[in-house]
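Included below are structure tokens for two forms of one protein chain, each presented in isolation as structure 1 and structure 2.
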Structure 1
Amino acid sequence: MDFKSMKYYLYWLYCQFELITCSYLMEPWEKLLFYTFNITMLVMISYTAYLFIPVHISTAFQFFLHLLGNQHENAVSVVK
């Protein structure tokens, strides 16, 4: 893909984003607040998903293994 066409495509996406969110009607300081809020929320949701989704998947996997009869061994094994 050509660099110039990629530049125009990204500009087109940005214009579509402004049309969908109606941010083209905002003043510059309103746009700054709007974009800052949206980016902050996106970062916070991504970070939360990064932290908690693997834990929940692991817990669900262990739960279903337990339902199927596979017992999860303890970390400390008893020597006989």
Structure 2
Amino acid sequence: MDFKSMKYYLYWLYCQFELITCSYLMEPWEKLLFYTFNITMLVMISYTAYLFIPVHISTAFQFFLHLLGNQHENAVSVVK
């Protein structure tokens, strides 16, 4: 199978998605419903990930640093 272009590859991926989730068999209004539901869920999950994952990662990072014995940045201060 020759991937003539990026567009053909994307079309092929879309066909695979259609076949696996049986949306190849659905009538147009069912497809609309299914894709709307899927895209909505995807957008919500990615938005949640965008908001919360950086905060979680930095909290986890600080926790592990504390565990390994390093002092907090705030604890070290220049005392004149």
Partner chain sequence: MYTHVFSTKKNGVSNGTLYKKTFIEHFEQAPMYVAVLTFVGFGVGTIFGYLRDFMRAWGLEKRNIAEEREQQKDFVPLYQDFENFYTRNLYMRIRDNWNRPICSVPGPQFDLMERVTDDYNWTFRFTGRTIKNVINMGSYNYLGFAETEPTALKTVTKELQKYGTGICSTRQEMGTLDKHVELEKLVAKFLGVDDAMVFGMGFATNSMNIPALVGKGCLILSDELNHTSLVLGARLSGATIRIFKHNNMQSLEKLLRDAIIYGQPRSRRAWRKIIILVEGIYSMEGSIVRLPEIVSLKKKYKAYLYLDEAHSIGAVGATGRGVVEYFGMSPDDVDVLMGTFTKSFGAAGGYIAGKKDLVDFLRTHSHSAVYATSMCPPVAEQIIRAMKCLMGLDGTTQGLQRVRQLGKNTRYFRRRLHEMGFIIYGNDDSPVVPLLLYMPGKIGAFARRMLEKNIGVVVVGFPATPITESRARFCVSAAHTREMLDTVLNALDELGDFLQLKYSRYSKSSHPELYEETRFELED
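Bear in mind the structure is a predicted one, so any value in this text is a computation, not a measurement. Residue indices: 1-based, along structure 1. What we label the rigid core is the largest C-alpha set whose atoms superpose within 1.5 Å from one form to the other.
Both panels show the same chain in isolation, but it is structure 1 that comes from the form predicted on its own. With the core held fixed between structure 1 and structure 2, residue 22 has its Cα displaced by under 2 Å. Relative to the superposed core, residue 9 shifts its CA atom by 2 Å or more between structure 1 and structure 2.
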